[in-house]
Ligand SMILES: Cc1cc2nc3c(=O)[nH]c(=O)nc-3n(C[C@H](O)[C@H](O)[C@H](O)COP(=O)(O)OP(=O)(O)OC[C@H]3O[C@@H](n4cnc5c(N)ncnc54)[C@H](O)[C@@H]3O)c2cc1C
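Just the one chain here, the form predicted alone, laid out as structure tokens.
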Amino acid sequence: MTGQTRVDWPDSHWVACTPALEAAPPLTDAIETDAVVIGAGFTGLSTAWHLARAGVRTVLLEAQAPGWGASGRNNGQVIPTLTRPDPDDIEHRHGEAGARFVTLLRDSAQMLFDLVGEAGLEAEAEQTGWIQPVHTPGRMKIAERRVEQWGRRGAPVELLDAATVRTMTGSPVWHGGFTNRSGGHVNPLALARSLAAAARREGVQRFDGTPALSMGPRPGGWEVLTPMGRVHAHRLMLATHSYTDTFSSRLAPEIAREVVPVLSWQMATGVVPEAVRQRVIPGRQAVSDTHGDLYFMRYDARHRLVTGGALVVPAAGAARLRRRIGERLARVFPDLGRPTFDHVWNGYIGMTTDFMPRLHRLGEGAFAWVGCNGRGVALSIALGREFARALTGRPIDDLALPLTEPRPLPAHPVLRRVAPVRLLHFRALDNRELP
């Protein structure tokens, strides 16, 4: 029995510019291993790589191909924060585990860039920093609060006034903001494919075109059923995120119903001339501001501006976004003018009601997490390392894993259908000044 199956996602700019990955065969037999990881996105790939480096025999099951889902479809911004809550709130809610999680979050971008170097990954990685401009004067209080809280914890953050933001971005529309120098951006599909290749070199046994249909505890570990085979493993990591019920509604229904998958649109312009790049984000930082209907952008390695937007109604989305985001960029960056877009694509991001990820222990030797809330690139890589440590026997009290029990959202099918309408609420809030 399948869930919300969809395999016709539009090809992205990243597909067009990223070297192909050697395919792995599907699983067609019953096998045994030390650990099984379900999902070859950032979390699954990072977990599998770290497990293999620790000497753990690891099987990686992927329904399509590495990076097919959200990990290969996002903007590629490497941001070492959540959208919310802030560090003090996380620690208040989760105590010592929350404090360890905040430290992991603080270091998550650096961990990603370090992994790129250690594993020799070809990911078009640029650690140029991340800027969060604020779009109304009153929202400078948000930047001040975040700089104070992250600075108190040793993060490389700095408060920026309006003039500095204008110099750093080439835009007159923002009123200040802050920066974190550890951030940056990557080609996300290249990162996924390169990490998949690196994991295979470390001995990870990967099976593509092999969706996990169901999983459950068995004597001595866990069993995962696939269309043509099964895996028995001592340990298990579920890393399917917003696509948990895409190929089977039986896989982990409680976890699938913890998040609302929201369609996110990404776009890549034509090549921006060098003279314009010297004025528009000349430092090549990743930029994402304080709008609920987010303004975000970064350059890729070919000097295209990769940006995007959100829609309440997805019909004719590519054409509508070309017009609307083109007008937005021309207004935000007068030196850029109105650009053309060579690629428009989309994919799901997993949203939670409080913007906090959900991390779970499913039973003895099994873990999962969902709810990246649009900040999954750095966090997924970092949590992959942390879950690998848990799977190799490190005490939970030593790890940055604020674990909770799965709590499915009531009326989840209805929430999935009406979630895009919440964008209207965000737009209304964006037009209000904070007191």
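The first residue of the sequence shown is number 1, and the count goes up from there. What you see is a predicted model; the values in this text were computed from it and never measured.
FYI, the form predicted in complex with the ligand isn't displayed, but the following is about it.
The single option of Leu251, Leu236, Val157, Ala198 touching the ligand in the predicted complex, heavy atom within 4.5 Å: Spelling it out, the residue with a heavy atom inside the cut-off is Leu251.
Interface residue in the predicted complex among Ala382, Ala70, Ala400, Ala390, criterion: non-hydrogen atom within 4.5 angstroms of the ligand: Selected option: Ala70.
4.5 Å heavy atom contact, Arg375 to the ligand in the predicted complex: Close contact exists here: in the predicted complex, Arg375 approaches the ligand to within 4.5 Å, heavy atoms only.
Heavy atom of Trp49 within 4.5 Å of the ligand in the predicted complex: Although the ligand is absent here, Trp49 would stay clear of it in the predicted complex, with no heavy atoms inside 4.5 Å.
4.5 Å heavy atom contact, His241 and the ligand in the predicted complex: Residue-level check for His241: yes, a contact with the ligand.
Exercise: Thr58 in contact with the ligand in the predicted complex, heavy atom 4.5 Å: Flag for Thr58 set to no.
In the predicted complex, segment of 143-151, 343-351, 159-167, 321-329 with a heavy atom within 4.5 Å of the ligand: Of the options, only 343-351 has residues within 4.5 Å of the partner.
Partner contacts in the predicted complex for 11-48 (non-hydrogen atom within 4.5 angstroms of the ligand): Residues within 4.5 Å: Ile38, Gly39, Ala40, Gly41, Phe42, Thr43, Gly44.
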